[in-house]
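Okay, so here's just one chain, in structure tokens, the form predicted on its own.
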Amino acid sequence: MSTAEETAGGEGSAWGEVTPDAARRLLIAAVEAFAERGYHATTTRDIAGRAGMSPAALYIHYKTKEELLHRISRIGHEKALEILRTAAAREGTATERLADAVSSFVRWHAGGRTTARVVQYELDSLGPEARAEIIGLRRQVDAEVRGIIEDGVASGEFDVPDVKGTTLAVLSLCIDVARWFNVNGSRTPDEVGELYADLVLRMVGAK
């Protein structure tokens, strides 16, 4: 199983929502190629070759290389949003919900680092319409984290003078894990998640 297959959902989900199998194989190959070479340096021939298919076979499932990137980005952002919504909606204090949100979000970016690098850092490679859709998803991601922080401020759990700026800092901290995390390093995704949850609670002045 490839790296992108192992980490597609960040928790071991291997792009099961993508069908048929040929379309899934092409998408996984695109994730790996985009992460390794960058979107613009990757050709459709590169992607098809990684998938063990002919270039012509790619166009049966995806009209363009950008369509592949768009689908990867949309699925990835929807997964990230689901993770944060689940944490935000759970019962518990704002402190507990923020810790859950951060640890889960970080685990996804560490465990799914190959996918996450493409999802988070290739936004500008999308055309205007696709980019606008992904930006809309990013705003929803921002709103989930901001909402938890606002709840914590309202309850007196957090001391945050600038909620908007702090939300941006929290998300940036979590997302950057995809850039540096090494599966052969000294920390597991779970351990990094726990560390970052603690750091973020200190950042918001959790009581």
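Note that residue numbering follows the sequence shown and begins at 1. Here the structure is a predicted model, which means the values were calculated and not measured.
The following text describes the form predicted in complex with the DNA, which does not appear among the structures shown.
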### Contacting member of Leu173, Ala57, Val163, Ala143, with respect to the DNA in the predicted bound form [4.5 Å, heavy atom]
Ala57
### Message
Given a 4.5 Å cut-off on heavy atoms, tell me which of 45-53, 176-184, 155-163, 135-143 is the interface stretch with the DNA in the predicted bound form.
### Response
45-53
### Message
Within 4.5 Å, heavy atoms only: does Leu199 come near the DNA in the predicted bound form?
### Response
no
### Query
Counting only non-hydrogen atoms and a 4.5 angstroms cut-off, does Leu195 reach the DNA in the predicted bound form?
no
### Message
Against the DNA in the predicted bound form, would His70 count as a contact residue? Criterion: heavy atoms within 4.5 Å.
### Response
no
